Ligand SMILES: Cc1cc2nc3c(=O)[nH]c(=O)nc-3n(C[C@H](O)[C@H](O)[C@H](O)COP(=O)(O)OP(=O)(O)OC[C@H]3O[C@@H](n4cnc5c(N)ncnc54)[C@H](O)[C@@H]3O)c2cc1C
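Coming up is one lone chain in structure tokens, specifically the form predicted alone.
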Amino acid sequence: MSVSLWMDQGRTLNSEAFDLVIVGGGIAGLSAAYWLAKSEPSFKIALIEKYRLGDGATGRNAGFITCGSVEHFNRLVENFGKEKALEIWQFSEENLRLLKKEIIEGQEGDLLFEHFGSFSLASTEKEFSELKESAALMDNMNIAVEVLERAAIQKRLGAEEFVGGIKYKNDASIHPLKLLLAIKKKIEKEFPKVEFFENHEVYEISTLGEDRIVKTRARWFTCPMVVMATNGYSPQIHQYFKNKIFPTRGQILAIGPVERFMEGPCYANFVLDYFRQLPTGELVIGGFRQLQKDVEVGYSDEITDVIQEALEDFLKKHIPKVKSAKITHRWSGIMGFSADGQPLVGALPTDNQVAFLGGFTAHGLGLAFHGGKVLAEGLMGEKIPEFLSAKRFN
């Protein structure tokens, strides 16, 4: 948000002191709050959210908890080498293990959590060849993977017109907003010094002596340390992120519910398009931003006819079992894509009292919980993994 001279002058604002202030009430912010409170239970922590918790990308995504990154594994190897590619993959596997251990265990049904793996599907022989190349690399590195031919995809996924694909056996899916609220509930139960402030949009982080002042229209927060967990919105708060994290819109629609027929979540078209069926029968599908790359940037929360029609056409062509189901919801959300496809964890080069995590590049559920742990450990003096460290851009 921007604040005018008239809004900012002569105002009497509430001000409260905290040990640490976290800006952002999505999966990254609550993950950071959880691990920071666990590291230092005596800390008085404020978590500030612009609207309501989960109103950003966390409450608007498709609920995939997937390993790796936005690229097929063979491309991850090409970009980073085998050793680092494996490290990146294992980081996201650990993210899921931590989520299950710390949050999900015992409430799988309530969270619509399923650990059935996910699929990457190829509609051309060229992509299928690349997927098989990825599978061979993964198998050699002891990553659980399975190659599927056309008939298996039709039988197990109810998906037509795909020549083949692979299954990542350790991926999962969930109701993303229920997951977020489960993290909040555990924080409130175990760490009562964490306070949540919804409808507090931050417009400035300023310096006052040794302290930082986090300014919202409702009140100001004074603290020695700030954590920005604002992902795609980070460039609106600080110019450091303008060439590192890019706001990117994604669009989704939902249909159903219909009788359950799909084994697990799916990606298609080099991970640009994705769909899944919930345990309750609804099917969600998103993607096709490649059709309007110049439009699907920025902060506008709206849907477009071009992409929504493409999503419908995809269903008609590839998922005939839902052709008579009713479309119930259409929506969009703003993600944060990083310059190299990997998240950023660190502190501002010009102010080490402002730390951050973000740039999850459409994989926030698969990376942010572990990312919050790494941030907390970094603030306690431990080394941040090189592929996550924001110092790679300094």
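All values reported here derive from a predicted model rather than from experimental measurement. Numbers for residues come from their place in the sequence shown, where the first is 1.
Form predicted together with this ligand: not shown, discussed below.
Can G366 be called a contact residue for this ligand in the predicted complex at 4.5 Å between heavy atoms?
-> Looking in the predicted complex, residue contacts with this ligand include G366, since a heavy atom lies within 4.5 Å.
Mark A32 yes when one of its heavy atoms lies within 4.5 Å of a heavy atom of this ligand in the predicted complex, and no otherwise.
-> A32: no contact with this ligand in the predicted complex.
Closest heavy atom of F64 to this ligand in the predicted complex, within 4.5 Å or not?
-> Yes, F64 sits close enough to this ligand in the predicted complex that at least one of its heavy atoms falls within 4.5 Å.
G341 within 4.5 Å of this ligand in the predicted complex, heavy atoms = Because no heavy atom of G341 falls inside 4.5 Å of this ligand in the predicted complex, the answer is no.
Please state whether all three residues F80, G346 and G371 have a non-hydrogen atom within 4.5 angstroms of this ligand in the predicted complex.
-> No, the candidate spot makes no contact with this ligand.
In the predicted complex, the residue from V258, L137, L315, I252 that sits within 4.5 Å of this ligand by heavy atoms = By the 4.5 Å heavy-atom cutoff, the listed residue in contact is I252.
Scan A122, L283, M262, I237 and let me know which has any heavy atom within 4.5 Å of this ligand in the predicted complex.
-> Contact check passes for I237.
Any idea which of 348 to 356, 35 to 43, 22 to 30, 322 to 330 reaches within 4.5 Å of this ligand in the predicted complex, heavy atoms considered?
-> Heavy-atom contact with the partner occurs in 22 to 30.
Out of 47 to 78, which residues reach within 4.5 Å of this ligand in the predicted complex, heavy atoms considered?
-> Heavy-atom contacts within 4.5 Å come from I48, E49, K50, Y51, D55, G56, A57, T58, R60, N61, A62, G63, F64.
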